[in-house]
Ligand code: NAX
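Just the one chain here, the form predicted on its own, laid out as C-alpha cells.
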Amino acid sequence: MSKKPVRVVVTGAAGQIGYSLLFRIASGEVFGADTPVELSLLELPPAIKAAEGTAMELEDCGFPTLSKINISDTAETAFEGVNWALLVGSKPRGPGMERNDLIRDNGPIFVTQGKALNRAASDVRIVVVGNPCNTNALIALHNCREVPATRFSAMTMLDENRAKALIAKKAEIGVGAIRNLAIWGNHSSTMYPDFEHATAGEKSVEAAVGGRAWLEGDFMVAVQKRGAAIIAARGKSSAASAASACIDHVKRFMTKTPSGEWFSAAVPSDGNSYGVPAGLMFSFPIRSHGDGKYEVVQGVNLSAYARKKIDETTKELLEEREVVRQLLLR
C-alpha cells in the first residue's frame, strides 16, 4: 500500500462502542483495502490496561491495513496529527440523573478534548458520538478555534438506521428500500424522524405502512425511546449498532451523495435553514460532496406537523446551550 496512512483517534476506546468500532476501522472497511490506518486509542488511566488488551486483539487479527496502534491517557498525545477524531467516550447517564446533570458532567470532557484538538490536529474531521452528542459537539467546537466549525458533526445516523429498520419491518420490505428518512434536531427523545419525505420502494412510507396513525404513534415513540428500550432489554446501552452507525456516518461524509438523496447528521446551523437559530448543532438532511464538504439540503417542504416537531427539538437544544453557556468560548 503506497497511500498515506489515515490517522484515526477513538476516545473511550476500551468501552463497548469503541470495542465494536475499532476492528471494523482496522479491517479496511471504512477507508478502503488500499489505505493504511493508524489507530490512536484514548482512555482514562484506569482503563489503559483494557485498551492494551484491545490493541493486542487488533494485532492478532492480522489486518493488512492496520499499520500502527498508539495508546494514551492524554488527549493532546492521542490527537496528535489525526485526520478523524471519533469522540465516543463520555460519562453514561446514571439512575435518577436528569439530562441537564449529564450535560454538566460531560461538558468539561469536551472542553478538554476541543482544546487538545485545537493544539494537536489541523487536517481533522470530528464526529461526536458520546451523549448528549449534539451539545457535546457544540462544546468541543467552541473550544477548538483553529478548526473550521464545518468539520464538526454529531451522530444521528443511529436514529436514522433505527427508523428505517422499524419502517421496513412494518412494511415487510428490505431496509435498503427505505430512502431519504431524515432525522431533524437533537439526538434525544425530541428528535423528529421525518417519514413524510421518505420512500419505501416505489411508495411513500405512509402508503407502505397503511397510513399515518402508526407513524405518528407507535413508530414515533419507538424511534425516540429505542435507546432506553435496549438498555431495559439487555442491561447495557447500544454498542454494536452505535458503532455501525458511526461507520455509516463517516462513509456518508466521505462519499458523494447520489442525486436526489440525503442522509442525517447534526452539523452547525447557519441560521438560514428552516428557521433553526445559528450555531446550534442540529440534525438536518445532508448531502455530501465527497471531498470533505457537505450541504444542508434546502427546499424540503415542511408540514405543520413537521414544523411543530422541529420547533420542539429546537427549543430543547436552545435550553441545553444555555446550560453549558459558560463552556462556549468561540
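If you're wondering where the values come from, they're calculated on a predicted model, not measured in any experiment. For every residue, the number given is its place in the sequence shown, counted from 1.
Just so you know, the form predicted together with this ligand exists too; it's not on screen, but the next bit is about it.
Name the single residue among Leu117, Val129, Val205, Ile139 that comes within 4.5 Å of this ligand in the predicted bound form, judging by heavy atoms. When this ligand is considered in the predicted bound form, the option within 4.5 Å is Val129.
Quick one: does Ile25 come within 4.5 Å of this ligand in the predicted bound form, counting heavy atoms only? No - in the predicted bound form, heavy atoms of Ile25 and this ligand never come within 4.5 Å of each other.
Report whether the minimum heavy atom distance between Ile310 and this ligand in the predicted bound form is within 4.5 Å. Residue-level check for Ile310: no, no contact with this ligand.
Does Ser153 reach this ligand in the predicted bound form, with heavy atoms at most 4.5 Å apart? Contact with this ligand, no.
Report whether the minimum heavy atom distance between Pro148 and this ligand in the predicted bound form is within 4.5 Å. Pro148: no, not in contact with this ligand in the predicted bound form.
Looking at 197 to 205, 171 to 179, 139 to 147, 81 to 89, which one sits within 4.5 Å of this ligand in the predicted bound form if you count heavy atoms only? Going through the listed ranges, the match is 81 to 89.
In the predicted bound form, residues of 232 to 249 near this ligand [heavy atom within 4.5 Å]: If the 4.5 Å heavy-atom criterion is applied to this ligand in the predicted bound form, 232 to 249 yields Ser237, Ser238, Ala242.
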